[in-house]
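What follows is a single chain, given as structure tokens, in the form predicted on its own.
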Amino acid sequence: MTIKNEKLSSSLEDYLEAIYNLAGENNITRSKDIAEDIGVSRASVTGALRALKEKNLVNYKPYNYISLTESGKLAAAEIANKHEILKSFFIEILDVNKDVAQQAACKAEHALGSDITERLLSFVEFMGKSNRKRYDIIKEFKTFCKDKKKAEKK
């Protein structure tokens, strides 16, 4: 993801996504809520908010509510969408536990570019369509993984 040709760090992407998820319909949140959501100190949040403000992604003044700018909303929506695509892929296709999928999506979303994420989304859509026409390859894959796990235990 690039904003004005500047790549956001993984950490700043996490803050932006947290603000997006916390802000909801009111489009506002507090630094305290961001700190709790990400599991960091309020001082860390302040540093991140200053950096995001410099990039014109958030509206921030100390001791006030935080909101996303229009470019911040677009960037955050892209990050959140990538996260959901990955989480869905891990849960629906790979049959990974939801909590594990959530954590893996958080890590992978920073490492995978938009090209790979788009390809994963296309794959998920393709699998959904092909399952209606033929046999259920996802179900076959899940069975294969379970059988393999059982064989490894023996």
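Numbers for residues come from their place in the sequence shown, where the first is 1. Note that the structure is predicted; figures quoted are calculated from it, not measured.
Although not depicted, the form predicted in complex with the DNA is the subject of the following passage.
Comment: 42-50 is the region of 42-50, 102-110, 85-93, 115-123 lying near the DNA in the predicted complex, near meaning a non-hydrogen atom within 4.5 Å. The closest heavy atom approach of Leu12 to the DNA in the predicted complex falls within 4.5 Å. Contact check for Lys129: every heavy atom lies farther than 4.5 Å from the DNA in the predicted complex. Using a 4.5 angstroms threshold between heavy atoms, Lys98 stays clear of the DNA in the predicted complex.
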